[in-house]
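The chain below stands alone, shown as structure tokens; this is the form predicted on its own.
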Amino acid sequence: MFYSIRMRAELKGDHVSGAERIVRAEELDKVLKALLRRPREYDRMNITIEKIENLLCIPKALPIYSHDFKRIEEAHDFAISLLKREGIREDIALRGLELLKRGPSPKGGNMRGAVLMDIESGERLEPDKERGIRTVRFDWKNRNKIKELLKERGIKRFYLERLLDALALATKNVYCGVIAELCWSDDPEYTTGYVAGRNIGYVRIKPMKEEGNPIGGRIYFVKGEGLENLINCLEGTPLLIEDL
């Protein structure tokens, strides 16, 4: 029997940490203790645990690539070029980039979930513009194995958990039908972002913002048709990934 665990921690109303796990019953206690220690500081934490009945498993994650630049402008130009390779028009890609730069919430600043942006019109399609769409119920079939494989590839300890989570999330997004994703963290100390898609894989890009900048988020570039099925998959379908 498998269980989905979702954790979200806040400090003074701002999101500071989150995690997704799918684990067997015998792993619950160990994983819950680890999640309690994950945020450096928080004044509110929500943990949701639910039993999973139907669990999908896919064989491989998106391939990983990394690119470092000296200037944010160069990193942004590269991100736009990757989105264009996934079929996103330049004007739509730039609209998504500018939205993340100023903060994706309609009121400005961060939002809890991701923006759904129509690849034809640039219109925002998420039903709740403040909440956005959250990709949940995903994990690695053997998280420790994947962590060791990433270490062997030279991924530093500081980046491991972030990369494990983000790569799994991006892989599920593509599986569900997201055409491309643009993301960088709202963590002021973390300047690496990524672009992901079926053709380009998962491409880590640094720096996507200035250090100390608390603005971040996700843009999912999607087709307008089949939107309900896409959202149901992102938010409702439990999924494990077997390997890199």
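Residue positions are given as counts along the sequence shown, with the first one as 1. Keep in mind that this is a model prediction, so the values were computed, not measured.
The next section is about a form of this same protein that is not shown, the form predicted together with pimelic acid.
A.B. asks: Using a 4.5 Å heavy atom cut-off, which of 28-36, 43-51, 197-205, 172-180 contacts pimelic acid in the predicted complex?
C.D. replies: Only one stretch passes the 4.5 Å heavy-atom test: 197-205.
A.B. asks: Can any non-hydrogen atom of residue 116 be found within 4.5 angstroms of pimelic acid in the predicted complex?
C.D. replies: Residue 116: no, not in contact with pimelic acid in the predicted complex.
A.B. asks: Can residue 134 be called a contact residue for pimelic acid in the predicted complex at 4.5 Å between heavy atoms?
C.D. replies: Residue-level check for residue 134: no, no contact with pimelic acid.
A.B. asks: Would residue 190 sit within 4.5 Å of pimelic acid in the predicted complex, counting heavy atoms only?
C.D. replies: Although pimelic acid is absent here, residue 190 would touch it in the predicted complex, with heavy atoms inside 4.5 Å.
A.B. asks: So in the predicted complex, does residue 89 come within 4.5 Å of pimelic acid, heavy atom to heavy atom?
C.D. replies: No.
A.B. asks: Can you pick the one in 166, 82, 146, 111 that has a heavy atom within 4.5 Å of pimelic acid in the predicted complex?
C.D. replies: Only one option qualifies, and that one is 166.
A.B. asks: Would you mind picking the one in 162, 141, 129, 95 that has a heavy atom within 4.5 Å of pimelic acid in the predicted complex?
C.D. replies: Flagged contact: 162.
A.B. asks: Let me know which residues along 205-244 have a heavy atom within 4.5 Å of pimelic acid in the predicted complex, or say none if there are none.
C.D. replies: Stretch hits: a single one, 218.
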